[in-house]
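Taking the form predicted on its own, here's one chain by itself in structure tokens.
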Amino acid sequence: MSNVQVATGVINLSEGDPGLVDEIKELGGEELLECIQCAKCAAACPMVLAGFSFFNKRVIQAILLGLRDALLDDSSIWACQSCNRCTEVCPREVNPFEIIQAMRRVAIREFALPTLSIEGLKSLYDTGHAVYLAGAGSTRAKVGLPEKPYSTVANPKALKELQAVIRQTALADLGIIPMDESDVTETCEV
């Protein structure tokens, strides 16, 4: 019996999920097996500096070991800021960002979402932004910016198109956030 030390304790490798690698590959992490654990992605990752247990390199390592439960029990995969630095520096074109996104898809399927993620998804559906600051319009105007950014917030047609796309995803099937296409309004004040 082999054990691996993880930030949360010792994990029995015989309990690993051998199907996790294939699942991640099917969900967008096609280059997963190209990773040589060189840690260039970790050197560029803001999550490392923030102290998250599972940053890009460790997410890949945990997937390769089949540590599904450890990844689902830890909110680190939701901390990725999508900066894509990891992808830019990867010498093997693994695209660690896409692997984290694939792991998020696994988590969504299994309802393993932290509360803040659900709020972010609701905001994404309502405004087109996962993080949208209500009341920022006057501050933006003070510095010479339009009160609404040039995005879905200022373009109701684009927002409706984004919402239509989201309603076609697995997220809609889960019913985590309300997605009533007849009653869509901008919920965040600007």
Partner chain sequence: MKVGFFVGCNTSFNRPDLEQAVRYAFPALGIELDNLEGQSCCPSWGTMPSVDVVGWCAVGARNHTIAEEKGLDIVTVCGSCYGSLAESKYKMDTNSEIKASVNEILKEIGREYKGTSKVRLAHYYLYHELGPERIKEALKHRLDGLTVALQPGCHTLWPSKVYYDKEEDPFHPKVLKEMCEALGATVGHYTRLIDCCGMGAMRSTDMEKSFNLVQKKLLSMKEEVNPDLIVTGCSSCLIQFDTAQEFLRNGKKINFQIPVLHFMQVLALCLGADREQVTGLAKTDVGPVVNRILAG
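Residue numbers count along the first chain shown, from 1. Please read all numbers here as calculations on a predicted model, not as lab measurements.
A second form of this protein, the form predicted together with the partner chain, is not displayed here; the remarks below concern that form.
The candidate site formed by V10, F55 and P91 is entirely out of contact with the partner chain in the model of the complex, as no residue has a non-hydrogen atom within 4.5 angstroms of it. In the model of the complex, L33 stays away from the partner chain, with no heavy atom inside 4.5 Å. Although the partner is absent here, Q81 lies within 4.5 Å of the partner chain in the model of the complex, judged by heavy atoms. For S14, no non-hydrogen atom is located within 4.5 Å of the partner chain in the model of the complex, even though that partner is not displayed. When contacts are judged by a 4.5 Å heavy atom cut-off, V21 does not count as touching the partner chain in the model of the complex. Residues T87, E88, V89, N95, F97, E98, Q101, R104, R105 of 87-107 are found to place at least one heavy atom within 4.5 Å of the partner chain in the model of the complex.
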